[in-house]
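First comes one chain, alone, set out as structure tokens in the form predicted on its own.
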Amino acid sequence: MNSQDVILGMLMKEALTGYQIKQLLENVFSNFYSSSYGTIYPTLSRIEKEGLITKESVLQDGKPNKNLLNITPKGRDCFNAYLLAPLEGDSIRKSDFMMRLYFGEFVGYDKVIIWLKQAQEESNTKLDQLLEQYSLYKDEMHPAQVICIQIGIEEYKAKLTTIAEGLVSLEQLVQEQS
């Protein structure tokens, strides 16, 4: 799976602008796919040159023209080939939090507790955002999309449970040392 596959998948349903693709990557897809802003437009340019998408300039009153991106039959074939290929193994995104947590023995309990609380806050925010998106769009979603979002929700809940248990454990250790 790469940015091309994700973008072509988005365009299977409807034509989108580059901005709309960026928004989807930052919101819905950020829970299971990591892509930087710097890869979106080069990928769009490349797949347009390869004939997988076309760009249609749409005139707007009082605003700059917007480019509406459409998938071509060749792009549909390419995306379908991706969908029908064997599943790739999941990869864990890079996590500075997890790396620091693993080496937490070198900084002491107080610093690890700070990291856990920060990760707890960020995970709560992401869970809330995912729950909000789910409640807004669940009626329009395909059952496979619902399952995907539910997996994301359950992963955040499991992470939050583990963090909460870890905080209790570490805070008890700090009290015992006092």
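In case it trips you up, residue 1 is the first one in the sequence shown, and so on. None of the values given here were measured: they were computed from a predicted structure.
Separately, the form predicted in complex with another copy of the chain exists; it is not shown, and the next lines address it.
Among heavy atoms of G18, none comes within 4.5 Å of another copy of the chain in the predicted bound form. Mapping the unseen interface onto this chain, L173 counts among the residues with a heavy atom inside 4.5 Å of another copy of the chain in the predicted bound form. Under a 4.5 angstroms non-hydrogen atom cutoff, another copy of the chain in the predicted bound form has V112 among its neighbouring residues. Proximity of L136 to another copy of the chain in the predicted bound form: non-hydrogen atoms within 4.5 Å are absent; the residue sits far from the partner. Taking a 4.5 Å heavy atom cutoff to another copy of the chain in the predicted bound form, the contacting residues in 101-121 are L101, Y102, F103, G104, E105, F106, V107, Y109, K111, V112, W115, L116, Q118.
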